[in-house]
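Given next, in structure tokens, is a single chain: the form predicted on its own.
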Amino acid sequence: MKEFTVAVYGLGNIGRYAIEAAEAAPDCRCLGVVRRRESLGTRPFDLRGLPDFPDMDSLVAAVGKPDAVIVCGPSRNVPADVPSLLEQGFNTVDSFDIHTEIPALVRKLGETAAKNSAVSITAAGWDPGTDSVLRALFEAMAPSGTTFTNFGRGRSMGHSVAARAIQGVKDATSITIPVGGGRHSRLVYVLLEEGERFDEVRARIKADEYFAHDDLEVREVKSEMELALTADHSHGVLMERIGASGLTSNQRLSFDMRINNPALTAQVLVSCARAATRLAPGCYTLIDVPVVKLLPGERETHIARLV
């Protein structure tokens, strides 16, 4: 089985799980982790014995060039971080999750990747990501119809990171609550910076692109301990489609999962890193990637086993 190597770019929630997913994969070897200079040498358990570096140049000089870089920072950093990595000739995978901005990002990353003979797989978590593939398959199975994607109840990493970036927020957790019919409400617990007014912070959160389109409730907590009681990694999705196959109506399709959010996101990223080593230069989303390229081993073996 052919081995591929990765570097993990960022040691947040997803980065820690990406290290574990790479370690568990039969054909993947993680060379090291790039993180903030001030964090180097801390949290050794999360590194699982891997070296950490302040930048990609230092990593490559010490352990060699990885076949793919798994970008694990906040979504808002992807449009700046990923082009820079592609310009250096690195293949990249990321879990960018601002749905409305994905088409423009794909065009931007596609141009940069092609110019530098690199591969970028973007929006590669579970939604967007594997759920996107399921939505596409549902439409292929029942072309006329409606698909509802109902998230939660659970903690949204992207929305939590977005809330923490709001002026006046010291820490925050965002919970996604399904309303039904593909609609959701957001419940955000915030710990304020000293001297901040709750009503002003709430207005800033409501105006943010992550929160502006859903029903929103913001609750203030008074301590990190109280906030910790609201936060775990559980999440899930119920996807439903009612439609027609040809002229036959009332076809009902559904997919349901309950998951650890960052662990599944990280696993998809490692699988996409494998696929990135098998694709021609350019930018892809998961609906562009043949599923067999995500799996370890040979295509013929998977055809015999799965088809």
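Since this is a predicted model, take the numbers as computed values, not measurements. In case it trips you up, residue 1 is the first one in the sequence shown, and so on.
The same protein also exists as the form predicted together with another copy of the chain; that form is not shown, yet it is the one meant from here on.
> Pick from 196, 208, 232, 139: which has a non-hydrogen atom within 4.5 Å of another copy of the chain in the model of the complex?
Selected option: 139.
> Check each of 191, 165, 114, 133 and return the one that places a heavy atom within 4.5 angstroms of another copy of the chain in the model of the complex.
Of the listed residues, the single hit is 133.
> Within 4.5 angstroms, counting heavy atoms, which one of the listed stretches 64 to 72, 36 to 44, 266 to 274, 49 to 57 is next to another copy of the chain in the model of the complex?
Stretch 266 to 274 is the one.
> Give a yes or no on whether every one of 13, 179 and 280 sits within 4.5 angstroms of another copy of the chain in the model of the complex by heavy atom.
No: none of 13, 179 and 280 comes within 4.5 Å of another copy of the chain in the model of the complex.
> Does the 4.5 Å heavy atom contact test between residue 89 and another copy of the chain in the model of the complex come out positive?
Output for residue 89 is no: heavy atoms all beyond 4.5 Å of another copy of the chain.
> Does any part of residue 123 reach within 4.5 Å of another copy of the chain in the model of the complex? Heavy atoms only, please.
Contact with another copy of the chain, yes.
> Would you classify residue 175 as touching another copy of the chain in the model of the complex, given a 4.5 Å non-hydrogen atom cut-off?
It does not: once another copy of the chain is placed as it appears in the model of the complex, residue 175 has no heavy atom within 4.5 Å of it.
> Does any heavy atom of residue 221 come within 4.5 Å of a heavy atom of another copy of the chain in the model of the complex?
Outside the cut-off, so no.
> Counting only heavy atoms, which residues in 275 to 296 are within 4.5 Å of another copy of the chain in the model of the complex?
Residues within 4.5 Å: 283, 284, 285, 287, 288, 289, 290, 291, 292, 294, 295.
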